[in-house]
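Each of two forms of one protein chain follows alone as structure tokens, named structure 1 and structure 2.
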Structure 1
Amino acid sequence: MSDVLVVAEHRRGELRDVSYELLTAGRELADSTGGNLHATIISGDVDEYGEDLNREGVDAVHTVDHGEEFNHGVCTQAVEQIANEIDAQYVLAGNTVNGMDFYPAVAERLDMPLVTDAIAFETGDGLSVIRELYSGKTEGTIDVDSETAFVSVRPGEWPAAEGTGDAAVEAFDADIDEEALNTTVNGYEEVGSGDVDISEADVLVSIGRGIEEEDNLPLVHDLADALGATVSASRPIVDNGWLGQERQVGQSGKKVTPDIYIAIGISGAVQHVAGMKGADTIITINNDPSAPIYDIADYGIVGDLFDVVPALTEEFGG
């Protein structure tokens, strides 16, 4: 029996979506090895977070009450100690800003090989991790030549764990060496994020090259207003300076998982698809029926966006 440890994360008082996705990925991996799934949450309102993490498939939740926000040293020490305590074979964390901060150090401390940005697993004689290569143009498999591994998971690739579990939620008494922390977290300040966070939007109306020129953007904003949606964009729109970087979806922008993603005038290059393929429902409007975006769309309208978008705005705004 081989146990799996998932390291959940939070920001500004809320568990992040990737935490619930990690539970699904962790359960998948634990089932394949016949082991238990453990989750840990460190700092912040750990009592509330711990209960939120108690979902179907979770066998145990370990909370570490130390500070309010993420701290590299606290997280590194705590995860190392919990992994050793439960003798974890595999440790999973999000391939996020916070994850990238601490997981190399933890993998080193645990003497585990580190594989990053996983989009799928395969198990048999050992663990194999599927990753995208060349900006999403192809996939590759990394066979882990070790009985243990630390794997970071790409957000949006697994569904969020649901339901209510019956796991024990217990405080873990981590022995934090304060002198070794070197940093102190005084608070959290959002810097340079612009006026929106598209990763939190339920409905996104996203625009691409098909809009042709900046003067045509009000068409898209009008539709977004009618739908109560947020406007996002593919990279060319941001590169042209028509919308801010905070609205870019894709490999070099943000990865989003809205309930509805409406792609307008977007061809569907792999770099863009990598950022939005986790949406529940994808709708595309494009006058080219052979555009790659139609390969992943749930619904599509083959037509001129300058005719289709105003018609939809009138329908939903009327």
Structure 2
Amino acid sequence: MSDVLVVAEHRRGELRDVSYELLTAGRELADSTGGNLHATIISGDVDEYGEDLNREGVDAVHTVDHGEEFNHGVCTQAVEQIANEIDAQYVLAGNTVNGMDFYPAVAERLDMPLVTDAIAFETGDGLSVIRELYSGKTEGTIDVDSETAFVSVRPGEWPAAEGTGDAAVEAFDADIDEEALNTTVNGYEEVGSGDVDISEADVLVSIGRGIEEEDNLPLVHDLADALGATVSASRPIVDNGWLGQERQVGQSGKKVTPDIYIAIGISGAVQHVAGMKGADTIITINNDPSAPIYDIADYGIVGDLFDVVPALTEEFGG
């Protein structure tokens, strides 16, 4: 038992980036155990996906041809069977919305301890997983005192595997019990279209929970007007219904790449950063210097937004 299994992810006809990152993370663990690196892809155009997953460092790809899209019942059964078949020591999946919908169940079935949202590994004498705790303000080392483990990996932390490998890409004949599939995926819906497209904006003034109340929003609109910028927001503002979904930046909102992104009263949670790290210049106004947004901001003002924002608006004659 020394092999590592990576569960690749696809959606609506495409392998997702995290799949290639998982191969790199998986290779790191396989190097530490001296075992082989396996990848599996379940449902969809598995032949094509299987070839795509055959990157440098991959020893075997197992494809499971069953249905078009992710169904957690199918995925759970197939991953359990493959992990058992290859006697996997470690199983890795992406810390994604679909990942969260299957790996806790697989870890239970395989009786493997589960550590989620890894950002780094320490290997040597067994496995330790590094992950954030307390809303990104601290990092913890989690020792896994077990021969086997299931680990989910944060997207964007490991580089994508490249090149072409010499893995055998083979169909795995999973025995899927249809009776045990008690969810049916009926389709998909795109949400968040509206009359502004924040992904087209050159300058975004983005507001977070630091604004406290809906009544304070004019502060931000005034600034945006004075700058000729567009207003966007973090999730809580949209959850509260203060701004429309089309203005949400982040994992479940829009990816934006403006020249200038001004984050005001936004802490910089990983799901928010996923949507704005591609901005050319990031500026933050946040009174907490330990907020994770300072890890990625180019310029910042550690101060109270209720003082700084009106002063800034005034500078521009607003």
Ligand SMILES: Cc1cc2nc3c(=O)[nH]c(=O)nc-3n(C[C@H](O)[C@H](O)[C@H](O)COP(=O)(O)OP(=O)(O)OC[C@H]3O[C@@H](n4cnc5c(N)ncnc54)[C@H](O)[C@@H]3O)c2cc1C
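We call the rigid core the largest set of C-alpha positions that still match within 1.5 Å between the two forms. Residue indices: 1-based, along structure 1. This structure is a prediction, so every number in the text was calculated from the model and none was measured.
Pick out the form predicted together with the named molecule: structure 1 or structure 2. Only structure 2 fits here, because that chain is the form predicted together with the named molecule.
Core-aligned C-alpha movement of Thr284 between structures 1 and 2, 2 Å or more: Indeed, Thr284 is displaced by 2 Å or more.
Any CA movement of 2 Å or more for Thr76 between structures 1 and 2, core superposed? For Thr76, whose C-alpha is compared between structures 1 and 2 after core superposition, the shift is less than 2 Å.
Return yes or no for Asp304: a CA shift of at least 2 Å between structures 1 and 2, with the rigid core superposed? Comparing forms between structures 1 and 2, the Asp304 CA shifts at least 2 Å.
Once the two forms are fitted on their core, CA shift of Gly210 between structures 1 and 2 in Å: C-alpha displacement of Gly210 between structures 1 and 2: 14.4 Å.
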